[in-house]
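Only one chain is shown below, in structure tokens, and it's the form predicted on its own.
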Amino acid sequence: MAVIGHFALQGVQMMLVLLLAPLLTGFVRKMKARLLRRQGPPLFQPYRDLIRLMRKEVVLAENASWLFRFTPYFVFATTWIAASLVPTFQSGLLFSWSADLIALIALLGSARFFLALAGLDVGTSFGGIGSSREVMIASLAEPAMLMIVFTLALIVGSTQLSTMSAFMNSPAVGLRVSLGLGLIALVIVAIAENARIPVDNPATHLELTMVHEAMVLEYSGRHLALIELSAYLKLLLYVSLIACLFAPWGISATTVEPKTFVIGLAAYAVKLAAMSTFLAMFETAVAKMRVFRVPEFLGAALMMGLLATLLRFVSGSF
């Protein structure tokens, strides 16, 4: 019975992130509209958009290869797996042994690689622009993410997310400057990786500014629905990762007791609402930056991650 319970909890985790991802995006859009004193789209509009795209016919370019057809399914599968491995309401789930930060970076990097190739596959100018900008952002975001991983690994002694979450929730962590620098760097990387303001504006399709949207302009129907759902999952993944590593309160240990299960779900919902509200306020307060200033923005995250790693390596107490 214990094995069945662990399988059920892992299934709940996978379905939870899949169902909450569009709701998180809809909540951010609604909050941004309210902050701008507009009515805004309905909270469940992302679900309607996905259903509408699923019903539409797929239109493919004549020169599209198998890679163009394969990429949406691969990107969705890898992103869903990565999002499901991050502890949300409970740590130590059945597949938590594979929930390693370096493995998550590898999964997201693989999805980005195939999406960039798909943008180049058809041969349109928009796809080439989007892929080149995506690779430019990745060349700085991934090293910054690795520096954050090294900092946390030096503090915790492991790259396994359940172990990190348990350590961060214990009194042993204390107040550390390196953790503060790592948190700021992770927030910057999350903004860039999800193509949010000020790096990109997901609500527009302007040639001079778009990054992610340029790569997927040739997709339609269920292929576009999978790409959009992958983007929703990626945003939820980074929000859950920040909550797991730097705000692990309420995440229960390995147990199937209903009380801890409900407390973990309630705490996770509160953290999602708080972080999405902060994201909406941040995007409302800042403006879109030029594409050529993005390396400076991500360079700050890389320097913070490097400084945090060096500070932790030189002085064990910081």
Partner chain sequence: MPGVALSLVGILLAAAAIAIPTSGTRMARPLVYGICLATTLCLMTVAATALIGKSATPSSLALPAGLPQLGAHFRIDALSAFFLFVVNLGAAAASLFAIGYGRHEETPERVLPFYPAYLAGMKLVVLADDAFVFLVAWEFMSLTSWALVIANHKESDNLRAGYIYLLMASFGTLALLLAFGLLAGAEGNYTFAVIRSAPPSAGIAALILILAIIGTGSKAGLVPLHAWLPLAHPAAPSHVSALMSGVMTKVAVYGFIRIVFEMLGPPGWWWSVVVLVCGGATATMGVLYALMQRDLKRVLAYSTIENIGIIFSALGLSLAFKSEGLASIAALALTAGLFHIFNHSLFKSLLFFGSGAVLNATGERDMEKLGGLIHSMPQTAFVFLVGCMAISALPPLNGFVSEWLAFQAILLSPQLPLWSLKLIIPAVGALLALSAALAAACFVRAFGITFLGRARTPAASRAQETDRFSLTAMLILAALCLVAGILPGVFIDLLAATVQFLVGGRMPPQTGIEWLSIIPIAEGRSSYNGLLVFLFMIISGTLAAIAIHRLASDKVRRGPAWDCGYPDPSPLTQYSAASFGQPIRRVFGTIVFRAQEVGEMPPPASTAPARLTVKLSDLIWDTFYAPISGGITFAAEQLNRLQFLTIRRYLTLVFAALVFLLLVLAIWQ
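Positions refer to the first chain, counted from 1. Keep in mind the model is a prediction, meaning the values are calculated, not measured.
There is also a form predicted together with its partner chain; it is not shown, and the following applies to it.
- Only one of the listed residues (177, 173, 106, 242) places a non-hydrogen atom within 4.5 angstroms of its partner chain in the predicted complex, and that residue is 106.
- Checked against its partner chain in the predicted complex, the candidates 35, 273, 58, 265 yield a single residue with a heavy atom inside 4.5 Å, and that residue is 58.
- With a 4.5 Å cutoff on heavy atoms, residue 198 does not count as touching its partner chain in the predicted complex; it lies far away.
- Residue contact with its partner chain in the predicted complex: residue 277 places no heavy atom within 4.5 Å of it.
- Taking the partner from the other structure, its partner chain in the predicted complex has a heavy atom within 4.5 Å of a heavy atom of residue 64.
- Proximity of residue 292 to its partner chain in the predicted complex falls within the 4.5 Å heavy atom cutoff.
- Partner contacts here mean any heavy atom within 4.5 Å of its partner chain in the predicted complex, and among 120-128, 190-198, 177-185, 242-250 they occur only in 120-128.
- Contacts between stretch 158-173 and its partner chain, counted in the predicted complex as any heavy atom lying within 4.5 Å, involve 158, 159, 160, 163, listed in sequence order.
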